[in-house]
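For reference, the chain that follows is the form predicted alone, supplied as structure tokens.
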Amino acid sequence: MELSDRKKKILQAIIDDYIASAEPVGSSHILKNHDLGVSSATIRNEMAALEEAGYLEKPHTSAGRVPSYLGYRVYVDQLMNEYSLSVTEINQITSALRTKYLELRRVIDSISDIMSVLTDYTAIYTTPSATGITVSNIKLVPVDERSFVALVITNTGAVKNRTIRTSKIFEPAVLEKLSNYLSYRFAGCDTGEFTPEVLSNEKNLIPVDEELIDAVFEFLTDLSNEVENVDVVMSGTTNIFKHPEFNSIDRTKDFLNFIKKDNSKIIKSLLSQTGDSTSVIIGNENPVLENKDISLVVSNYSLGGGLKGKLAIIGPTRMDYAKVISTLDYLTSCINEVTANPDERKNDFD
């Protein structure tokens, strides 16, 4: 169903008011609070059409309507007004960023705290990890008859190395051939691609002694694990009690169980599915969030040198999406800017 301009205005008014009040919105409320230039009967008819098309839902205990997941999606993609951060909010963010030169983890903790304070939802971030780092070269350099140094040189110029000792003697020519093959096979690949599955397939293709290939592949696997070693940190988990949707003990318990530490792997996977721009996951759009009545807004931050992470807000589907998106966008742009060239930016916060 293609929405007419009138239907869009009514849908936007309903979602704006529902976000603000958490109460189902009726036609009389719309007529009283929004100058749409139409009668109450017209509003009722349009609301009924929006409900039939799946953009609105009618709670059993109320004559008003609430947005469906589809309604929220249209709202986020087409209808919501841009939110402008206040001077006070910008000052709070800037104050949090001033501590950047003291300790990186404290800075991100501070930013996460300010996110939860400004939005009244739960804030999530992943600790920074080296992403986008690719392999330029792999070298196996003999040290003596039974030891060699394995080196992985990345596109950033960084060198990862490990000294490996074996029970057998391997000729330098064998090490050189293996070096050449691995460099050819993995040149341009992300270090995170050294997974057990990939390396197991490669092992079957390389006619080299098992002790040698196992030792080298163990080193490469450890490099891949470095990329995956990311923590999930949360702030403002008790903010959920401020929202009437979670007055029910069962719903609150379900939310707290979802964000508990044991679920960090699931949450990391959910965040990793988002792209480079700010993403909005509304309720049942992702199976992980099914029947939980919660949404996620996810952004990306960069600390330079290939270090990147995710910043996110999780809250009820009746989320103030415009404010959350603006807050996240402003925060990530500040982080990206002040970490792009610390020497040049240092005086910006004096």
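The model shown is predicted, which means the values in this text are computed figures rather than measured ones. Residue numbers run from 1 along the displayed sequence.
Beyond what is shown, the protein has a form predicted in complex with the DNA; the following relates to that form.
A.B. asks: Mind telling me which stretch in 309-317, 291-299, 277-285, 36-44 gets its heavy atoms within 4.5 Å of the DNA in the predicted complex?
C.D. replies: The contacting stretch here is 36-44.
A.B. asks: Give me the residue from L328, L11, I335, V25 that has a heavy atom within 4.5 Å of the DNA in the predicted complex.
C.D. replies: Checked against the cut-off, the match is V25.
A.B. asks: So in the predicted complex, does K323 come within 4.5 Å of the DNA, heavy atom to heavy atom?
C.D. replies: Answer no; every heavy atom of K323 is more than 4.5 Å from the DNA in the predicted complex.
A.B. asks: Out of 63-82, which residues reach within 4.5 Å of the DNA in the predicted complex, heavy atoms considered?
C.D. replies: Sequence-ordered list: A63, G64, R65.
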